[in-house]
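What follows is a single chain, given as C-alpha cells, in the form predicted on its own.
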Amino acid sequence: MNINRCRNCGTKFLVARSVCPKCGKEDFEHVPARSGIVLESVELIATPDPYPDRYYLVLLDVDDVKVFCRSQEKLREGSQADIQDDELGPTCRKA
C-alpha cells in the first residue's frame, strides 16, 4: 500500500488526486505504508462475497493519514500494526 505525498508542501493523502488539496501543485511521490497505529477495531459478521464471513475492520493512523484494513484478530487501540496488500485490499496484523 502506498500513501501519496506532495513534493511541494509535504501534504499526505491516500486517494490519488490530480492536484494537491493544500497547495494545488501536481508533483507527487508514493511513500510505502508498512505500519500504523490502531485507532479503532470493529468486528464485522455480515460480509459480502468474496470477503471472509467474519473479520475485523481496523482504522489505522499511518503518518497522519487514516487507512482502513482487514484483520483476522481484534487489534488493541494504540498498538502497532503491519500492513500488507492482498487481492481484496489492505490487510493488517499485530506488529
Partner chain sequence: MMSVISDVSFTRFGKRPEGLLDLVAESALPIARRYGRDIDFIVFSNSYSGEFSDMSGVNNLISTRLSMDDVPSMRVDNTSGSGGSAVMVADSLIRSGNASNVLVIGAEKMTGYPTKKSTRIIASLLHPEERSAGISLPSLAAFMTRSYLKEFDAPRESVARVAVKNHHNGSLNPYAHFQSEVTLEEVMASRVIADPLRIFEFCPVSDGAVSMLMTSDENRDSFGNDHVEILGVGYSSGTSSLSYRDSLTTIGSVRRSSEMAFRRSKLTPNYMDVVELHDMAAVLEIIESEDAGFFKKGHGWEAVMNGETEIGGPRPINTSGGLNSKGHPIGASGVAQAGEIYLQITGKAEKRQIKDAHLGFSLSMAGFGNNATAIVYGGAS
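Residue numbers count along the first chain shown, from 1. Quick caveat, the model's predicted, so the values are computed rather than measured.
The discussion below concerns the form predicted in complex with its partner chain, not included here.
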Would you check, heavy atoms only and a 4.5 Å threshold, whether Y55 touches its partner chain in the model of the complex?
yes
E77: touches its partner chain in the model of the complex, heavy atom cutoff 4.5 angstroms
yes
For K66, is any heavy atom within 4.5 Å of its partner chain in the model of the complex, or not?
yes
I'd like to know whether S35 contacts its partner chain in the model of the complex, with contact meaning heavy atoms within 4.5 angstroms.
no
Residues of stretch 14-37 in contact with its partner chain in the model of the complex (4.5 Å, non-hydrogen atom):
L14, V15, A16, R17, P21, K22
